[in-house]
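Starting off, we have a lone chain in the form predicted alone, written out as structure tokens.
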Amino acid sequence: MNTEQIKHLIEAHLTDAQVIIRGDDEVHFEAIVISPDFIGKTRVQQHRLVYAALGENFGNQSIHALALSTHTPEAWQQRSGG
């Protein structure tokens, strides 16, 4: 699995998601996901939404490790100084 495939899976399952994926070895990835679907949800609930989007790809040889950072659009805007 590559960064574009992961990005596509997440974007297909979350409303208006902005997704940034990094990964040099194609098994260890870093994801920043911004979506209004996260509004009112705990961090754990937000991460579960992302894991659900990845389905069986997460935790097997396709995606061995994922460093995940999730944000609502408002929180992302505040964090990025906008």
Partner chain sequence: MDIMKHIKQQIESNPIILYMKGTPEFPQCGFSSQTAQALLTTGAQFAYVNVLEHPDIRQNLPHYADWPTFPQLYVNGELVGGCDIVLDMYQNGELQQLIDGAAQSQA
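Numbering follows the first chain given and starts at 1. This is a predicted model, so every value here is computed, not measured.
There is another form of the same protein, the form predicted together with its partner chain; it is not shown, and what comes next is about it.
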Is there a heavy atom of V44 lying 4.5 Å or less from a heavy atom of its partner chain in the predicted complex?
-> yes
With heavy atoms only and a cut-off of 4.5 Å, decide whether I21 touches its partner chain in the predicted complex.
-> no
Any chance L66 has a heavy atom within 4.5 Å of its partner chain in the predicted complex?
-> yes
